[in-house]
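Listed next as structure tokens is one chain, alone, in the form predicted alone.
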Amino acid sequence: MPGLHVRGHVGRILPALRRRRRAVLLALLTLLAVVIILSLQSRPSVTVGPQQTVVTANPKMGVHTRLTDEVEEWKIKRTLEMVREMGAPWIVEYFPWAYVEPDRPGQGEWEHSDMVIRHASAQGLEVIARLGYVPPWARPKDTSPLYLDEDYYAAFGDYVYEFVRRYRDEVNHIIIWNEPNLSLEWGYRPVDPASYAEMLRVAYTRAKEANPGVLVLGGALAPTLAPPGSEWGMDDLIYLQAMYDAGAAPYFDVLAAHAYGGKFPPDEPAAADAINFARTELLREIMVQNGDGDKPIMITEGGWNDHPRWTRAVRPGQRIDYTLRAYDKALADWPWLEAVALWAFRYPAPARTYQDYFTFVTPDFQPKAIYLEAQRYAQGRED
């Protein structure tokens, strides 16, 4: 009968289909397991071993790392290993307030900061921690994360306190804000040295409450020739004097300076109407004039760009020569300078702009020629 004939075929086909489906599912699960195993095997293991020591011929060498948005721990570890292997004892790293307290005061999202500090300490590196970047709850709606008015200075001071307290055994230097003499970095509004001096006072006081031994860096001033009344910012030399006039002197232990060379070599003479590496000497003169000659300076950003199409770039060979001379100048000629941390060691991903031509190492950890020559210099090798 036709009906019985069909049912007979179905009775034979269904078990076969079930067996085939189980076989396909098993094969897929096996393939997935292999992929997972291979993925785990290809990713370097992340362990924190005994503390390393940075071996260098120049203890003032440093770099500005960019680990703020690096999410994979093995990449953080490898970056910091390569800094040590290059021979630079100092790093500047950014620890945004908004990442730790994104939704409310005291939220305490410290996992990423802990990871960076842990691996930096394991590599024997001295961390200069840059603090700033405002969470949404601490600024008016639709303002920049770089906007902080005086109503929330106390809240920022609380963050500074918690950061310094948490890392009091690992971090001895903190920078308060970044380039406050630029309107962009001051939240797209007119710069205000007196208001920054007040921010510095609040942050300094809270930092010292958490750890009296921590050193507070003020300034981090951008080198600029902005004319008086400019909407873009204020000349760094004028701004520094305005900070002193506003009473900032007691509230920073070290001046943070930014020293970009443009097309000029490190030994190009300093001049008030020029931006070059030696402009740092003019900041030093202002400190001395204000009775602050006993305080050191740290260069927390600086360097040269070898982008072939950028008008202020230098050739790659020149960049290497200028960078090594800058490190050497800091050691040999500037006893008042404690460290020179050049921008930037590595980006987690390509910037795809001229910024990529400031780096020492590619995003995939390939050392550039400048890295290898800096390493050779730190090892004291002449060849």
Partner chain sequence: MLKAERINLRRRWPALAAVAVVLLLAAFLLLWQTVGVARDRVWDHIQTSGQWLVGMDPSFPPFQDLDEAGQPVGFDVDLTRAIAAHWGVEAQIEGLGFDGLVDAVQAGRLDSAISALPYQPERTEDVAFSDAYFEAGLVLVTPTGSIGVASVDDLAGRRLAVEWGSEGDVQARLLRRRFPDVVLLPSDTPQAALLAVAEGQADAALVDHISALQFTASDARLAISPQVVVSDPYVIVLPRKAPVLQQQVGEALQALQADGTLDALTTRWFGTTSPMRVGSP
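Residue numbers count along the first chain shown, from 1. None of these values were measured; they are calculated from a predicted model.
Another form exists, predicted together with the partner chain; not displayed. Remarks below refer to it.
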{"property": "Sole residue of Leu337, Leu67, Ala344, Ile320 within 4.5 Å of the partner chain in the model of the complex, by heavy atom", "result": "Ile320"}
{"property": "Per-stretch contact check against the partner chain in the model of the complex, the hit in 186 to 194, 214 to 222, 139 to 147, 300 to 308 (non-hydrogen atom, 4.5 angstroms)", "result": "300 to 308"}
{"property": "Phe252, Leu282 and Gln289 all contacting the partner chain in the model of the complex, non-hydrogen atom within 4.5 Å", "result": "no"}
{"property": "Thr53: touches the partner chain in the model of the complex, heavy atom cutoff 4.5 angstroms", "result": "no"}
{"property": "Proximity of Pro316 to the partner chain in the model of the complex, heavy atoms at 4.5 Å", "result": "yes"}
{"property": "Interface membership of Thr47, the partner chain in the model of the complex, 4.5 Å heavy atom rule", "result": "no"}
{"property": "4.5 Å heavy atom contact, Pro363 to the partner chain in the model of the complex", "result": "no"}
{"property": "Heavy atom contacts to the partner chain in the model of the complex at 4.5 Å, residues of 346 to 381 in sequence order", "result": "Pro350, Arg352, Thr353, Tyr354, Gln366, Pro367, Lys368, Ala369, Leu372, Glu373"}
